[in-house]
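What follows is a single chain, given as structure tokens, in the form predicted on its own.
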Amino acid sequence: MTRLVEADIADLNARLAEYDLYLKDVCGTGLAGIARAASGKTEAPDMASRVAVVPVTSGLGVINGFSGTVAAIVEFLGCRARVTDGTDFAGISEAVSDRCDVIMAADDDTFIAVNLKAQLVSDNSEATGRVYATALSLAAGGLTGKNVLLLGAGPVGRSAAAVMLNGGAALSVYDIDPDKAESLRRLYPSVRIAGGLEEALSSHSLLFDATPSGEFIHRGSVRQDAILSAPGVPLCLDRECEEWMRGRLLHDVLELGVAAMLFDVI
């Protein structure tokens, strides 16, 4: 999981409604619809669930605004949410005493949602890969028989690969670490390993970026008809390419991942 900084989430709460409308334009459904599709559940979610977001101080410490932003996303999706006064185990104790249904908490490496009653757990890396792959499928009108390029074969990329392959995609992978790409191919033998980044970009219109590298893709490298689903932080596109791809770009720093985690456990 990429550790965010305060600037990454500074105005996120104020942009939730606008982002939701953007997703509806690109994918045909908004934040809740994409997350529910990614969860694969057939039953209606329990939107009466009470969610406690617990600040965690271990490692590099609390990111200012992070817990409040997670709570705001949960509230936007329709559940009740609060940030606990206590941190760490004191916050967990507070959430349990307050009879909250779900706890969400993140340290430097792991971000999870736990349903205390149903004993369900969702991990952000896995949920993020799954929900962004679902969003790409919705934006592309399905993935069956379509060529998709996956950049990055880490935890998020592996999660996305499973969804895209299950959706019928013909998947190629590029990773600067050849061992990671080969590991994914061993896991899914139908995956092809791309030989070079520029050639792979020019030959694919459906792209998925799961790397932690920023601004390494430029406008001249991307096809005119390209759609990019990019959970990676920072964004892989440079500023010019980001603006050019608006309407064909799926990217945020927290929203889709949090939504997927919530719908996984309620």
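Owing to the predicted nature of the structure, the values given are computational and were not obtained by experimental measurement. One rule holds for the numbers: they count along the sequence shown, beginning at 1.
The next section is about a form of this same protein that is not shown, the form predicted in complex with pyrrolysine.
- The partner is not drawn, yet in the model of the complex one stretch among 234-242, 206-214, 25-33, 52-60 has residues with heavy atoms inside 4.5 Å of pyrrolysine: 52-60.
- Scanning 124, 134, 84, 159 against pyrrolysine in the model of the complex with a 4.5 Å heavy atom cut-off leaves one residue, 124.
- Residue in contact with pyrrolysine in the model of the complex (any heavy atom within 4.5 Å), chosen from 75, 108, 177, 98: 108.
- The shortest heavy atom separation between residue 253 and pyrrolysine in the model of the complex is within 4.5 Å.
- Residue 39 falls outside the set of residues with a heavy atom inside 4.5 Å of pyrrolysine in the model of the complex.
- At least one heavy atom of residue 67 is located within 4.5 Å of pyrrolysine in the model of the complex.
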